[in-house]
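One chain comes next, on its own, written out as structure tokens in the form predicted alone.
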Amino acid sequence: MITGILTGFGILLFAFVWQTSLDGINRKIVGRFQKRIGPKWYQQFRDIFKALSKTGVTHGWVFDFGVMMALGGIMATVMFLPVVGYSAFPGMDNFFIFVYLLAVGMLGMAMSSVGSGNPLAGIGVMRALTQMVGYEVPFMIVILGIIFGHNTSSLSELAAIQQASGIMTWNLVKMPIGTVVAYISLLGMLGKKPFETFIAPAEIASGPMVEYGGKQLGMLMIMHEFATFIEVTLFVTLFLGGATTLFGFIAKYFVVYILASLISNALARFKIDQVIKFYYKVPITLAIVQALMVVFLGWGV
């Protein structure tokens, strides 16, 4: 048990350092993309620790407790992730565990934002929950197809199956339609354009984040780094075969995340109704096609 807990905290530390560093590198790359110099790669660390050093305004115990619930739920989720063969709790890396644990963090965030009493925060939360209904349905259809095809919902086992014969057994190659759907859903999970509707800085002043400052903002920035790590790691594990070495994991993770950021900076933001209409037309249709191919034709197994 002690070893598992220490491993979990090690994964937490790695997740924070790696994703926060990558966020800084991403800001530099986006700056160059926009013909700017961009900040230093470590600027994200400075922003987080500066926010944590300041006193924030509170709107009551619901507002404060929701922040702690959000961060705690996301941190617990990270500790269950298998990363490069390391798992804090072997045998408990079932995909559905992550679905439930992620919900705790997201509900804490929603509760805290609405508790602020700011109508822009309420609008942002409503949009975020609506967008979740859009991207989670096609994503879950694809994942259920993978689980049905491989007869397991363990992330470690799914990664091991894909590593059996190299790149040709990756779900990226065996289920290309499902991979495209999952990546479009990932853009929604990360809040990247064109699915940035719940943040919309120029429209609803960053929505759920509008009332946060000081320590609360710093905690939510850390939560964002962990949530991003979870979402990208799940994609790498489920579709790119995971990784047996740290270098392999970092390389795959880097490509997935930076590509999402470049796509985001090349597109405009959808309106919330356009988001739902898009997800329920294109991705959900492709997801159903992929699932039928797996269940009835055995393709991708």
Partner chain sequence: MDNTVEKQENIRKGWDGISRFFRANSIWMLMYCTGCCAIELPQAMTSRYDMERLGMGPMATPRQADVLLITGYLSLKTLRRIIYAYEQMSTPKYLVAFGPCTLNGGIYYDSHAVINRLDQYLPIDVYIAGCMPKPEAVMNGFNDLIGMIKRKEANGWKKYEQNKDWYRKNQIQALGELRIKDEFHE
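Note that this is a predicted model, so its numbers are computed, not measured. Residue numbers count along the first chain shown, from 1.
Although not depicted, the form predicted in complex with the partner chain is the subject of the following passage.
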Where, among 46-54, 242-250, 229-237, 263-271, do residues come within 4.5 Å of the partner chain in the predicted bound form by heavy atom distance?
-> 46-54
Candidate from Asn118, Ser156, Gln163, Thr179 lying within 4.5 Å of the partner chain in the predicted bound form - any heavy atom | Asn118
4.5 Å heavy atom contact, Met221 and the partner chain in the predicted bound form = yes
Classify Phe198 as contacting or not contacting the partner chain in the predicted bound form by the rule of any non-hydrogen atom within 4.5 angstroms, answering yes or no.
-> no
Though only this chain appears here, would Met209 touch the partner chain in the predicted bound form if you measure heavy atom gaps against 4.5 Å?
-> yes
Is there a heavy atom of Pro194 lying 4.5 Å or less from a heavy atom of the partner chain in the predicted bound form?
-> no
Members of 29-48 lying within 4.5 angstroms of the partner chain, judged by heavy atom, in the predicted bound form = Gln34, Lys35, Arg36, Ile37, Gly38, Pro39, Gln43, Arg46, Asp47
